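A lone chain, given as structure tokens: the form predicted alone.
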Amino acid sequence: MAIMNVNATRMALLTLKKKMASAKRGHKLLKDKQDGLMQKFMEVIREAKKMREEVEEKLGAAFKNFIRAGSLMDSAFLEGALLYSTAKAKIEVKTKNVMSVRIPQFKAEIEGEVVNYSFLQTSGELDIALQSFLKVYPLLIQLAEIEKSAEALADELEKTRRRVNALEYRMIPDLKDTIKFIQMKLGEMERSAVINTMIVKSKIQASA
């Protein structure tokens, strides 16, 4: 807290009081925004945790099938089978505005065939594994969207928190101290003016 470098005048006092009113309104709005961001952030974090557990579980099952397929097939046949895939992934990225935060939206599309090889020299576990990876892919994209949203919300939350603290612990206290200082100075000047007026009046009366 510190006294701001301003002249101790009534005009300065009026200006500072207006700044104080604006600072308090701004602090309330930012505080409400901070609370809203925190609530949204916690919702996204809970959703991300749930989604990550689901993705890890399904990915784990898919990898188990793939490892099993690898143990049952010749490595050359396995690599050759994977080369025949015609699948291509496309991701469309958009954004939406949530409490002044740009939140990403990912839309994934897969064209072509993941399973596009001869079944004569491949195992059924490979089919199951690739189909499992295909099913978990949209969940991975959804998880990426949720975690990116959490990151964007966390950044905005930190910015808002710093602005709230700057107002609450620096600007508003400095304005209060400066207003109090100017009011004290003006009071001293008024009392001094009254005393000087009384002295002049008494001198005039004495000389009459």
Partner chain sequence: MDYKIAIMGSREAILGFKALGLEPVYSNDPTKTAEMLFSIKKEKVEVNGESKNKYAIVFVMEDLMEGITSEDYKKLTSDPLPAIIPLPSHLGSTGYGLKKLKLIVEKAVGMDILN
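Note that the structure is predicted; figures quoted are calculated from it, not measured. Positions refer to the first chain, counted from 1. Here, rigid core means the biggest group of C-alpha atoms that superpose within 1.5 Å across both forms.
Here the subject shifts to the form predicted together with the partner chain, a form of this protein not shown in this document.
Put simply, of Leu157, Ile179, Val164, Met171 only one has a heavy atom within 4.5 Å of the partner chain in the model of the complex, and it is Leu157. Using a 4.5 angstroms threshold between heavy atoms, Arg102 counts as touching the partner chain in the model of the complex. In the model of the complex, at least one heavy atom of Val93 sits within 4.5 Å of a heavy atom of the partner chain. At least one heavy atom of Arg52 is located within 4.5 Å of the partner chain in the model of the complex. Shown alone here, Lys33 lies farther than 4.5 Å from the partner chain in the model of the complex, counting heavy atoms only.
Of all the residues from 58-83, those having a non-hydrogen atom no more than 4.5 Å from the partner chain in the model of the complex are Leu59, Phe63, Phe66, Ile67, Leu78, Glu79, Leu82, Leu83. Here Tyr137 does not count as shifted, since its C-alpha moves by less than 2 Å between this form and the one not shown after the core is aligned. The rigid-core alignment places the CA of Leu78 2 Å or more apart between this form and the one not shown.
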